[in-house]
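Below sits a lone chain in structure tokens, taken as the form predicted on its own.
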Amino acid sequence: MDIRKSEQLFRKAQKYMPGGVNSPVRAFKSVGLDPLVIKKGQGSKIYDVNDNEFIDYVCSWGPLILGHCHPEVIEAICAAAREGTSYGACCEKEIELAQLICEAFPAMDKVRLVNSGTEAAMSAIRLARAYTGRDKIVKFEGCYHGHADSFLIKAGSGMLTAGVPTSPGVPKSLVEQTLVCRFNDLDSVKKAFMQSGPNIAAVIVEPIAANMGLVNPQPGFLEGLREITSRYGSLLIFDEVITGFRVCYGGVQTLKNIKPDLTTLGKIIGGGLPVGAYGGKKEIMNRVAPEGDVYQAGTLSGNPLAMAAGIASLQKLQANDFYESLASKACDLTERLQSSFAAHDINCAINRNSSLFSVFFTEQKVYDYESVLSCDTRKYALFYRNLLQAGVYFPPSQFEVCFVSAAHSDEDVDNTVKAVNKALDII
């Protein structure tokens, strides 16, 4: 695999950008490589500047559920761009996308469109604090809700990859307002509420944890959060930035028949362009300015390009068999990967939910933050490098999630299994 041009460009990037990247996990540090520099994506594949081809299971970290450059999404973006890229004013497309989102989520009466998942989570927490008149929030070890100050305490995603429990620059006063509980451990949540319940504004949770690798909720965990928050008058916030429109058309809350008070969204609702959203019950959302007194604004919020891409994507997801077909493909792949690991006598745990999956190099079942940390990250790094050489692009971190898209073919699955077998031969 030729990587000379990527190496040259990365050296140049390091002169002008911190670490040579604009988001830490792209730096490939945890897998012992310099980052690839990508030239283009098409369908299930990405191509770097050296013209190496890879079957892509990162899919821009989740938004590209239809694959790269889906023709209807690209045409929608182009058509919107011909009429202007941004107005700084209302446009019809943002109303259309807002309607699609609210109709998909029974717990969402109103939605505010923003520009990123971080912005959505940050705004939802501010709204929860204003609505309840309380300051404290509860989050979970290994869950990631963006890089706003309140969330960078035992966070997942790039924070977990780097082994950093928090970030310098976060005021101590905010740390004191953030209570950290254990994912899938209701007793830890009950203890937090027994100690601080009257001061807790909200519990924010990824209903399927997808930033410490994929960790599924244990039976009763999400239902328990709904019961506890309701009892204490706190809000329940589902962070479905990754899972919204990924596991089904209405997210995890639809599958579980649980109604959170607020929901955050991102990724798929922008069809590959920058986007985020938060929404929920009318009586809560009516507190957002200009209708209410909780201020939040954004110059590019609801811009016509992201709205057009999101609408085109969501319309494709409404096909009756879309999610069943996608989950079946992911199931076939992960079952065959499990067989490959077993045949090589290599311990691993593979967690899957719908079209999301993670391969953990550990002997344990992975069901919480502590079991995630049992993983052999050095072995994953070796596996990753071997897999990349074989033309398959997994996330460059043990603690990120793989995504299967509608563009992945049976041939892609076959070639991925062959590449994994080849990678395992030399571990």
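Being a predicted model, the structure only gives us computed values, none of them experimental. Numbering starts at 1 and runs along the sequence shown.
The same protein also exists as the form predicted together with (4S)-4,5-diaminopentanoic acid (HOZ); that form is not shown, yet it is the one meant from here on.
Under a 4.5 angstroms non-hydrogen atom cutoff, (4S)-4,5-diaminopentanoic acid (HOZ) in the predicted bound form has S23 among its neighbouring residues.
Y131 falls outside the set of residues with a heavy atom inside 4.5 Å of (4S)-4,5-diaminopentanoic acid (HOZ) in the predicted bound form. Under a 4.5 angstroms non-hydrogen atom cutoff, (4S)-4,5-diaminopentanoic acid (HOZ) in the predicted bound form lacks Y47 among its neighbouring residues.
In the predicted bound form, E400 approaches (4S)-4,5-diaminopentanoic acid (HOZ) with a heavy atom inside 4.5 Å. The stretch among 358-366, 64-72, 25-33, 382-390 whose residues place heavy atoms within 4.5 Å of (4S)-4,5-diaminopentanoic acid (HOZ) in the predicted bound form is 25-33. This chain lacks the partner; the member of N211, T243, T263, S123 within 4.5 angstroms of (4S)-4,5-diaminopentanoic acid (HOZ) in the predicted bound form by a non-hydrogen atom is N211.
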